[in-house]
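Only one chain is shown below, in structure tokens, and it's the form predicted alone.
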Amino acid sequence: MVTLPSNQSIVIVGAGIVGLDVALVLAERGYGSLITVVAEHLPGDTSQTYTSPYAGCNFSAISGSDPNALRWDQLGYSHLCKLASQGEPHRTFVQRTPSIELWDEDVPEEKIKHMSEYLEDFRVLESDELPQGVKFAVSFTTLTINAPKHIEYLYQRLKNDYGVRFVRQALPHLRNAFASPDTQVVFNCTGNAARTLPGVEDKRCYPTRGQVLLVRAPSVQTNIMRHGRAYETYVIPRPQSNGNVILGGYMQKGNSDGATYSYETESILRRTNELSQELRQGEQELLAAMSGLRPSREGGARVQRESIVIGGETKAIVHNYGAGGTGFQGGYGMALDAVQAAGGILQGLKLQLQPSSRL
């Protein structure tokens, strides 16, 4: 039986970065007391089906080149810059970091041109600066994020500062998110579950497996990524982690294997040490190998409103999933669009937030 708190007009299904960003956008607009986040896993948990804690993670050109992805990236970069500028990186776990990004082939020129208009310290590297086999490279200031700590920060901030409720519960059907008659809109932020969850069952969704390594390497201060034929290699320093670094990786479309493999660990160590001089020159201690499943979708992420009839009353679902490996960098922009899609309902809910007038 599904039981949810009463007087919760807004329900968000999913507590990964995409769901948390939706909650943050709504809370910042004054709706915190009306929100319940329902999820099988919450920040602080680990599970093969809970992707966000396993993210690298940084801001990069790894996202799509369609207009939505470009816009979401720009909005996300601005949001992350604000979090990094609050003077409390130990709270947000978001940090400005120098970055180098390299392509062996298939340079996304239009995407890079768009990103160059807002990335801090953007520069195209000269040909004599390129490693062997690299066709094109840029440097800029990225944002690196301690993924598990950042979602815990959002979780605590939403609960303590905005009064958002969190309910640990797996829903058998998306319709069950309307268990409370007060619920007017549900935001579907179910990630990988969107492929199989009754009420969604989007067959365009698929997992993209990655294996990464957590190492202690305090000498690494620069984010560096190399996009090659059928591989991705990256070195991402993790903020506020006592010198820990994420090394990767793999982009295995349709692979849902949650195991880790020693031969992949060996490949990651070889490739990342070839890529990063900082990594080669300092001490390294391998702490863990981890596997995660990026919630991907053919055609890109889905941010779309749908009407549903519950008990004879028309209500709304706003779908917001399929970000793949770009949830941390594009999730805030996606959340802005998702909240905009629910605009009419949210305007009506403002009446619940106004104190009753007395004669």
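As the structure is a prediction and not an experimental result, all values here were calculated from the model. Numbers follow the displayed sequence, beginning with 1.
There is another form of this protein, the form predicted in complex with a small molecule, and it is not shown here; the text below is about that form.
*Asks:* Since exactly one of I317, L34, A55, A69 fits, which has a heavy atom within 4.5 Å of the small molecule in the model of the complex?
*Replies:* For this set of options, the contacting one is A55.
*Asks:* Name the single residue among L130, A259, A170, L287 that comes within 4.5 Å of the small molecule in the model of the complex, judging by heavy atoms.
*Replies:* Partner contact (heavy atom, 4.5 Å) among the options: A170.
*Asks:* Among E40, G210 and G327, does every residue place a heavy atom within 4.5 Å of the small molecule in the model of the complex?
*Replies:* Yes, all three are in contact.
*Asks:* Is there a heavy atom of A23 lying 4.5 Å or less from a heavy atom of the small molecule in the model of the complex?
*Replies:* Close contact is absent here: in the model of the complex, A23 is far from the small molecule, nothing within 4.5 Å, heavy atoms only.
*Asks:* At the 4.5 Å heavy atom threshold, is L293 in contact with the small molecule in the model of the complex?
*Replies:* Result yes; L293 sits at the interface with the small molecule in the model of the complex.
*Asks:* When the contact criterion is heavy atoms within 4.5 Å, does Y234 count as touching the small molecule in the model of the complex?
*Replies:* So Y234 counts as contacting the small molecule.
*Asks:* V220 versus the small molecule, in the model of the complex: is there a non-hydrogen atom within 4.5 Å?
*Replies:* The answer is no: V220 has no heavy atom within 4.5 Å of the small molecule.
*Asks:* Quick one: find which of 116-124, 276-284, 190-198, 95-103 has residues within 4.5 Å of the small molecule in the model of the complex by heavy atom distance.
*Replies:* The contacting stretch here is 190-198.
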